[in-house]
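Take a look at this one chain, the form predicted alone, written out in structure tokens.
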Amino acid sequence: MKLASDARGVYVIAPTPFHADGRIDESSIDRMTDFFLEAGVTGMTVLGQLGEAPKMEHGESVSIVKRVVGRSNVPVVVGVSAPGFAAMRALTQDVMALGAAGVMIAPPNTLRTDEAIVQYYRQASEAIGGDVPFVIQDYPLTFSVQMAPGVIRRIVMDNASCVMLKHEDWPGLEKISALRGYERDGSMRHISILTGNNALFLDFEMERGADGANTGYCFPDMLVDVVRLSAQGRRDEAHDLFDAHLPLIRYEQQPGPGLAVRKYVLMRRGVIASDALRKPGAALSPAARSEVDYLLARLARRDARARV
């Protein structure tokens, strides 16, 4: 089940559940995987930035992938970003052997020129193996690396194993249009474009040519609905549903406490047992929890799934 350039739908970014003492909560991983599948996702991404991947030991990362892949029936993409290619290669080899569909690679924040970015992805593909499908993670707000559409086109055309862009630029609607324009004029082959950035612009990103979402909002079932409605041309219904969730999406997107918000809501929804973050990381304050509870209560007037 290797990742391909025709991937569509919602590839949910999975958080990593922990016990209060920092141990990985395997039972919650199972329950979370089942929840995502029941929500209708078409794929999952584990060990991303909001999966707290940098806090894992190599063996822990492999064990998480093994558990998720063994329990799911959809493609599983694994974040393998690392400071050096040796660690990236080792994790890639282990997770692909377990049945992962592909890997996601973010650029290091040291890249400052177009040529350096293109060369990095060429070398990364060589390091992990040209037969391993990979996803470009384009998130300049976090990684401080600016990829113009022409740079992404060069990466795609240089690397046959590049099959997907995780588009998280902001503002980024024109970038999607530019990339789809390259496909129409024949200067770039087709790749899947799934959007992240907590789905802040998913409603219009779908209309610009995105194939779906690759993010981890605490209501992935809503993302599935918005992507489906958009694909069916039911524009007003898609926007109405999205707009109802936008205050909570915005609150969850805050740098710093955003993951704690996501885990808190997933805990309230009964998906994970604890909203604990592995250190370094702090739980929500009582005031923040109260604000999230208020947003859920307001959302419940429009979407019954928020009645938790």
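What you see is a predicted model, and the numbers here were worked out from it, not measured in a lab. The numbering used is simple: start at 1 and walk along the sequence shown.
What comes next is about the form predicted in complex with another copy of the chain, which is not displayed.
J.: For the chain seen here without its partner, which of 138-146, 225-233, 178-186, 67-75 has a heavy atom within 4.5 Å of another copy of the chain in the predicted complex?
T.: The contacting stretch is 138-146.
J.: Report yes if any heavy atom of G270 sits within 4.5 Å of a heavy atom of another copy of the chain in the predicted complex; otherwise report no.
T.: Taking the distances in the predicted complex, the answer for G270 is no, it never comes within 4.5 Å of another copy of the chain.
J.: So in the predicted complex, is another copy of the chain close enough to F35 to count as touching (4.5 Å, heavy atoms)?
T.: Result no; F35 lies far from another copy of the chain in the predicted complex.
J.: Residue-level question: is P257 within 4.5 Å of another copy of the chain in the predicted complex, judged on heavy atoms?
T.: Yes, P257 sits close enough to another copy of the chain in the predicted complex that at least one of its heavy atoms falls within 4.5 Å.
J.: Verify the contact flag for A288: yes if a non-hydrogen atom of it lies within 4.5 Å of a non-hydrogen atom of another copy of the chain in the predicted complex, no if not.
T.: Yes - in the predicted complex, heavy atoms of A288 and another copy of the chain come within 4.5 Å of each other.
J.: From first to last in sequence, which residues of 31-54 have any non-hydrogen atom within 4.5 angstroms of another copy of the chain in the predicted complex?
T.: If the 4.5 Å heavy-atom criterion is applied to another copy of the chain in the predicted complex, 31-54 yields only P54.
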